[in-house]
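For reference, the chain that follows is the form predicted alone, supplied as structure tokens.
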């Protein structure tokens, strides 16, 4: 049994993760963490009335034998959470996006020092992982590309971690260059979206959406669109489960679920 602590359990992704852990025959939920929690035990929540699991509201009070820390919290908290997990030899599986490159590099150095495996996954959906790999391959032949990501209107960071990671993967095979008319002018600031090495990234935030991405490629007389849609948060749980099962076998902090597949 893999002993698991879920951080951010009051959120929608965190709550879905708690349900997945409880239903998985090889996982044991040993704690949940959320500064917004009022309860002391998960069984105070009607949804989990038969589940005796301690609730923590601060990192300082966490006393656990957890082996894996699953984090779906907020950009403002995830770095300190991951640092805490690594320092306590708990393998972090992080789905929260919004960390800077410097923060990620610091966590990778810490994981290496402590010999603890961990994963930061911009997206746990198998279809999203495939989209990024397909986009990277397509960019070898069609270097003019723009990315549109669409999420629910409560998402805090923009662009999404998935969109940024897609752009980074494409950049590995694409020479940076400016696309479009070199003399173009925005008549409304931001109309062309964010610029990543000449690629444009556009972020949509609307109610009713969950997580969606399109990568648009253009060439002479042709175009290619690769699209991925996550209609329900349960779609991410297969990837979270894979990471939880495998991450203890590593001693470094990796970026991207594809490293475990």
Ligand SMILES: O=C(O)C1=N[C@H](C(=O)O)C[C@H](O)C1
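Computed from a predicted structure; not experimentally measured. Residue numbers count along the first chain shown, from 1.
Omitted here: the form predicted together with this ligand. The next part is about that form.
> Considering this ligand in the model of the complex, find the one stretch among 106 to 114, 174 to 182, 82 to 90, 121 to 129 with heavy atoms no farther than 4.5 Å from it.
Among the listed stretches, the partner-contacting one is 121 to 129.
> Hey, in the model of the complex, does residue 146 get a heavy atom within 4.5 angstroms of this ligand?
Contact with this ligand, no.
> For residue 155, is any heavy atom within 4.5 Å of this ligand in the model of the complex, or not?
So residue 155 counts as contacting this ligand.
> Closest heavy atom of residue 211 to this ligand in the model of the complex, within 4.5 Å or not?
The answer is yes: residue 211 has a heavy atom within 4.5 Å of this ligand.
> Mind listing which residues of 145 to 184 have a heavy atom within 4.5 Å of this ligand in the model of the complex?
151, 152, 155, 157, 160, 161, 162, in sequence order.
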